[in-house]
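The chain that follows stands alone, in the form predicted alone, written as structure tokens.
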């Protein structure tokens, strides 16, 4: 075996001015041999490692990339692993990459994304830890739920992620029982714990939290159960324009008002489960550029809505009725970004359970 390893090193140290195809074939041979030997430390020989890294580039962003990094113990590619993991945290490759990062004591790398300024990335990083599901991952997630300085969407993502593990469910239940759960996470945590496969957890959370109720005051089942149901898209479209009042704030193929996001292609962007959450708990995940702002005026009045434009002299706020108001900056004492969505809460109270399912069935058909 030693002579094979030595030959491999000589091969890697040879001519590197080959054409792309020839170089790729050479690198593939080196990697295949390394995988069979299982005794050569690629990190100790720069030429060998260069060959491996070139081969890895051909598989960037794929499950094979993570498999090779693990099998050959390639060091120094942690950022690439994190990028792959955050690209699709709910995939096999994403979870494998996240697990490998924690095994390499790179928890701080993931935590850095949660603590960063990019909320979308923070939510993905929290979700990644939930799918990894190890005790170390749970320990990173636990404090996030109670840290009020964090945004609500990030805290909600952490709570949802904890729900992927029995350890996480038990922690959330304990927080509820001790009265420590922030009120704005009641829906998120109730939805997580009512969906538990542990009957004891479901029974205990029922003593403290309830899920949203429909027009008939009947509590809804967990979102995961709602998402499995089929509805009538034609009826859902009619409800979208009438009882559900969605058309008052959202456009679909040119029809409606532009207060919330255009939903013309929402079915290509969100799964049903996310659609239900957006309706039942709209403040849990406010879309970028649709955050609510309150302009506090020197007159004592407060104008609340979306900030759709800002110049050196004025700010334009769009109300829930899609009315734009241009306010001179000389009139404004302060502008405050709110964690509460402009979308009305408890819309489900205007509908029955089947109505809600039908509306989501309709918007899930809105695709490219």
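The shown structure was predicted, so the numbers you read here are calculated from the model rather than taken from an experiment. Numbering follows the first chain given and starts at 1.
There is another form of the same protein, the form predicted together with a small molecule; it is not shown, and what comes next is about it.
The single contact residue among 180, 253, 269, 166, judged by any heavy atom lying within 4.5 Å of the small molecule in the predicted complex, is 269. Proximity to the small molecule in the predicted complex, taken as a non-hydrogen atom within 4.5 angstroms, holds for one residue of 101, 128, 295, 263, which is 263. Every residue in the set 282, 290 and 342 has a non-hydrogen atom no more than 4.5 Å from the small molecule in the predicted complex. Stretch-level contact check against the small molecule in the predicted complex with heavy atoms at 4.5 Å: of 190-198, 211-219, 113-121, 274-282, the positive one is 274-282. In the predicted complex, at least one heavy atom of residue 244 sits within 4.5 Å of the small molecule. Shown alone here, residue 259 lies within 4.5 Å of the small molecule in the predicted complex, counting heavy atoms only. Interface residue remark: residue 320 is counted as part of the site for the small molecule in the predicted complex, having a heavy atom within 4.5 Å. At the 4.5 Å threshold, heavy atoms of residue 347 reach the small molecule in the predicted complex.
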